[in-house]
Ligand code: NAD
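First, one chain by itself in structure tokens, the form predicted alone.
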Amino acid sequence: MHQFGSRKVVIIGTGRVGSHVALSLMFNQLVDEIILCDLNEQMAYAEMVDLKDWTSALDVHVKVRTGSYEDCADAQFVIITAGRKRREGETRLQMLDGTFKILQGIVGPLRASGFNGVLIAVSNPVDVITEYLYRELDLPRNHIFGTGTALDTFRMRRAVGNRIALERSQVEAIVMGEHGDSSFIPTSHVILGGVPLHEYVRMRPEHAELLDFNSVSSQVRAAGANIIKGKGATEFGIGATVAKIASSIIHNEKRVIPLSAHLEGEYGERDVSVGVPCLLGGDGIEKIFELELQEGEQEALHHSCDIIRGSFATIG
């Protein structure tokens, strides 16, 4: 297992997502030190001062400061949130050109810093960006991944729970594939209150119509766009999602979360990063779980991977 020293995190990109990632890490007191790094040094400094005010008001002892890529050398985590803002009515894939131009200025200095910790990609389109970072940085596969369909999964569990009046923690299900319009829910692996989906529907037939997972998928896919339409950005949910991922590693929790991971033959796919269930522990991704997918589910995953690869082919 890789041994880290101080719980030090560098967040590259300090806009609304980056600042809320910092806030979530601080709220849960998961780290000792957070360094904010952004081309807009004035904004990074302002966020740092504001976060320091937060720590003072709540008596939280987490150091926050601005810094540079040199701070990545001994960091446990580098979290990349830098990228172009998503516009109303836009898909995540349409953000690629602008985000890629920003990432090109990050990869070189990050590589030169000697960073050898865990890199979490948050910038959208996260699957394409994760694959780019994996190919450009000399990091082991288990130490570089994206948030993938983790937030989609949390949104889906809440949506299903609301439909059938079931506590969301009792909804055992995940979203797989692209963090975007080709994501899907493998319904063959849905368990509600400890009961497989087909058995649950047999015992609660009045819920069959409510458990329309095509409708649930559409609801989940639209969730981010609806938030952006109303307030201009998503921030709280993704901040908490990154904190849960970091906690799983820091505390060696052995938690399964669907993340955008580089595949090397899993699910019959290669040369692509995509949302699949991953076991997270003290050394990052300890295992990629290969679920036995039904034919339609397997086709959905291949379709999603093809979309991600096609988008990746447009960069460079």
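All values derive from a computational prediction rather than experimental measurement. Numbers for residues come from their place in the sequence shown, where the first is 1.
Another form exists, predicted together with nicotinamide-adenine-dinucleotide; not displayed. Remarks below refer to it.
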{"query": "In the predicted bound form, the one of Gly83, Pro186, Gly117, Gly180 near nicotinamide-adenine-dinucleotide [non-hydrogen atom within 4.5 angstroms]", "finding": "Gly83"}
{"query": "Asn252, Ser68, Asn40, Thr55 - the one with a heavy atom within 4.5 Å of nicotinamide-adenine-dinucleotide in the predicted bound form", "finding": "Asn40"}
{"query": "Distance check, Leu301 to nicotinamide-adenine-dinucleotide in the predicted bound form, heavy atom within 4.5 Å", "finding": "no"}
{"query": "Proximity of Ile106 to nicotinamide-adenine-dinucleotide in the predicted bound form, heavy atoms at 4.5 Å", "finding": "yes"}
{"query": "nicotinamide-adenine-dinucleotide contact at Leu211 in the predicted bound form, heavy atom, 4.5 Å", "finding": "no"}
{"query": "Contact flag, Ser24 vs nicotinamide-adenine-dinucleotide in the predicted bound form, heavy atom cut 4.5 Å", "finding": "no"}
{"query": "Partner-proximal stretch of 124-132, 170-178, 200-208, 156-164 relative to nicotinamide-adenine-dinucleotide in the predicted bound form, 4.5 angstroms, heavy atom", "finding": "124-132"}
{"query": "Residues of stretch 9-31 in contact with nicotinamide-adenine-dinucleotide in the predicted bound form (4.5 Å, non-hydrogen atom)", "finding": "Ile12, Gly13, Thr14, Gly15, Arg16, Val17, Gly18"}
